[in-house]
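In C-alpha cells, the next block holds one chain alone, the form predicted on its own.
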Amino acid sequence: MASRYVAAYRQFWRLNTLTLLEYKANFFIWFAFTIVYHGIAVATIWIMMSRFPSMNGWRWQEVFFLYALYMVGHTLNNTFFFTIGEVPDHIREGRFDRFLVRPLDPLFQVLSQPGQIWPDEFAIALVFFAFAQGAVHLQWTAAGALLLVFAGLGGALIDFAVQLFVATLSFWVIRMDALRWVVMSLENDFTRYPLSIYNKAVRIMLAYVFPFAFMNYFPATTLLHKTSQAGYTVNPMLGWLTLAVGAVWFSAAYLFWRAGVNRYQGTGS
C-alpha cells in the first residue's frame, strides 16, 4: 500500500514538472511576481520601521526575521498542500465524486493533483531567511537549529490544518470563498508584526483560535531572547511547541475532514 502511494506521488511531481516545462513563460512570470510580492512586504516593514524605529522593543531587522520565519512554514505548506484550497470547487462542480471511486485516500488525491506547483516560493523563502538571520546576527547552536526545523515543519502543518478546516466546511456550506480569504488575510496581515503590539483579544485569536503565532512569533521570541517585552511576557518553551501544535491541529483537521467525506452525498450535478 505504501509503495503505491509513493509511486503515485512521484508521478504527481513528474506531471507537475512537465506542466511547468510546457508553460515556461507562466512559470517565470509567477516566479518574478513571488519575488516582487515578498520584496514589497519586506519593504513595507522597513518603511514602517523607519518611522517607528522600535515596535514594542522589536527593531526592523527582528521584524524582518519574524516575516522570513513565517515565510518558511507558509511556503512549505504551499509547496505540498496548496491544492487543498480547490476542494470547494471540486464539491460545487461535482468533481469530488471521482476521488471517492479511486483506490487511494481522497485527501491524498486532492493534494496530488497535477498542476503547476513547484518549490520556487520555498526556495525564495530560504533566501529571505538567510538574509534575515544575518541581519539579526542569529547565534547558531544545535538546539537553535532544531527549533528552526520544528518551526518550519510545524508552521507548515498549522497552515495546512487551518486551510483543511476551512475546506472541509464546504461539505456543509458549498461556497466558502469569503471565509477562506478572511482567514488568509488574517494570517498574512497579522503575522508580519510582533504579537505583543496587539490587544489581548487579537493575541488570544492568533495564539489559540488560529495558532498562527506558533508559526513565527513564539519561535522567534525564543531564538532572539525576546520573551520579555513591555507589558507582555512569553514563556520561552512556547517556541518549542510549534511542531506539537501543528500535529494536534492536523489530527483534529483530518478527523473533521473524515466526517465531512462521510457526510458527502454529491451535489446532484
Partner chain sequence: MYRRTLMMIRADRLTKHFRTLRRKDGVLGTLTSLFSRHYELKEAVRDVSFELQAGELVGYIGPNGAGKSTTIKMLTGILVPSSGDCVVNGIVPWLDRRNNGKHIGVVFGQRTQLYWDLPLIESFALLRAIYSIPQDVYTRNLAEFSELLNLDEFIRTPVRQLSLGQRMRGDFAAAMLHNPKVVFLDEPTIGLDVVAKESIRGFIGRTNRERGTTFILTTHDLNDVEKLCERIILIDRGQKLYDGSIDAIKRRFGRNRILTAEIDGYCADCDIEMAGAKLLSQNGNRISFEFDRESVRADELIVALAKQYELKDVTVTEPALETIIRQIYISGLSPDPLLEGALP
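Since this is a predicted model, take the numbers as computed values, not measurements. Numbering follows the first chain given and starts at 1.
Beyond the structure shown, there is the form predicted in complex with its partner chain, which is absent from this document and is the topic of what follows.
K.L.:
Within 4.5 angstroms, counting heavy atoms, which one of the listed stretches 80 to 88, 151 to 159, 97 to 105, 121 to 129 is next to its partner chain in the model of the complex?
P.N.:
Among the listed stretches, the partner-contacting one is 97 to 105.
K.L.:
So in the model of the complex, does any heavy atom of Gln113 sit within 4.5 Å of its partner chain?
P.N.:
Gln113: contacts its partner chain in the model of the complex.
K.L.:
Is there any non-hydrogen atom of Gln11 lying within 4.5 Å of its partner chain in the model of the complex?
P.N.:
Yes, Gln11 sits close enough to its partner chain in the model of the complex that at least one of its heavy atoms falls within 4.5 Å.
K.L.:
Indicate whether Leu18 is a 4.5 Å heavy atom neighbour of its partner chain in the model of the complex.
P.N.:
Because a heavy atom of Leu18 falls inside 4.5 Å of its partner chain in the model of the complex, the answer is yes.
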